[in-house]
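This document starts with one chain, in the form predicted alone, laid out as structure tokens.
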Amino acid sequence: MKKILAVALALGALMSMPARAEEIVVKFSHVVAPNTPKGKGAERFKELAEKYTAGKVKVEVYPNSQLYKDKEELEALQLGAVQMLAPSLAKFGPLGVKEFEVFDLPYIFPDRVALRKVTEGPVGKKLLKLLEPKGITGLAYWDNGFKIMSANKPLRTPDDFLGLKMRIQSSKVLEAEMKALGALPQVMAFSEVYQALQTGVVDGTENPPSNMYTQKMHEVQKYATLSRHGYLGYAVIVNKKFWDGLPTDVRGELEKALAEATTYANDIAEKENADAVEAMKASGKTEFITLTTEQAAAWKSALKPVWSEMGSRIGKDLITEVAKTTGAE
């Protein structure tokens, strides 16, 4: 892997050399489809960045893991092989910044209003600062949405998860979550999930609806539960050395472009997910389950111990601070 990324770095450096004196190339890599909230946000940033810098900056967007898979992209950014990413927040735990795994805790964000109090407030800013010693500058938070569970059997109660192989991102919190439900967590790159579901390597997974739909997972999952048990969001990040080395005026215009792209991406996320659910329902391939009040309470009861279990990893004080900020029970 190191050799591959070293070669990529060398090629990236060559390819990023200005085609003309004033041009700066920004490679923006991500792992999801172009028609997801993140994909559309990246394209909006490209459009605005090139407009506001009057051609001084060229943004190249690479979706669908065209350049790097989940486990590779952060190292590629640190090496300078790409300049910009928007990885899911769970990715920072394996990097050594475990505090970001607070976003993975089940039922800690009751709704988007509560979520915004964290991502747009002091807690969110404090977390982004923790990335700087890793050579990364955190710029913004982008929504994907609240997650649903899917499998080839109905998932109505925690007992329904017993023995199921469930794909997760690399996150100790998500691992604990699945174990609390009696499932067997399987860490796997996002780009490999469809085939794993299709072939039965895993039985199910969790995703916001827009990811499930754009990756066509509904074609190989018979059931989905509208659980909204957890949140999936992203941090837009850049290579710190690259960012700090930009001319001040250029960096200012890119910050302006990103602020507008962030508002756009977050505004469309909820609608994109609602539309994805309706499209999957209309396909007739997946049956959607809405939990009763009693069933939802059972899910919360089964998953709440994950908070205390992860206290020593994430930080008890941080979990308390986020829960107090969001009003989570």
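Because the structure is predicted, anything quoted here is derived from the model rather than measured. One-based numbering along the sequence shown.
The next section is about a form of this same protein that is not shown, the form predicted in complex with a small molecule.
- Interface residue among Lys98, Lys91, His229, His218, judged by heavy atoms within 4.5 Å of the small molecule in the predicted complex: Lys91.
- This chain is displayed alone, yet in the predicted complex one of Val59, Val32, Val277, Ile268 has a heavy atom within 4.5 Å of the small molecule; that residue is Val32.
- Heavy atoms within 4.5 Å of the small molecule in the predicted complex are found in one stretch of 295-303, 45-53, 278-286, 32-40, which is 32-40.
- Tyr234 belongs to the set of residues with a heavy atom inside 4.5 Å of the small molecule in the predicted complex.
- For Ser150, no non-hydrogen atom is located within 4.5 Å of the small molecule in the predicted complex, even though that partner is not displayed.
- Remark: Asn211 counts among the residues lining the small molecule in the predicted complex, judged by a heavy atom distance of 4.5 Å or less.
- Contact check for Phe190: a heavy atom falls within 4.5 Å of the small molecule in the predicted complex.
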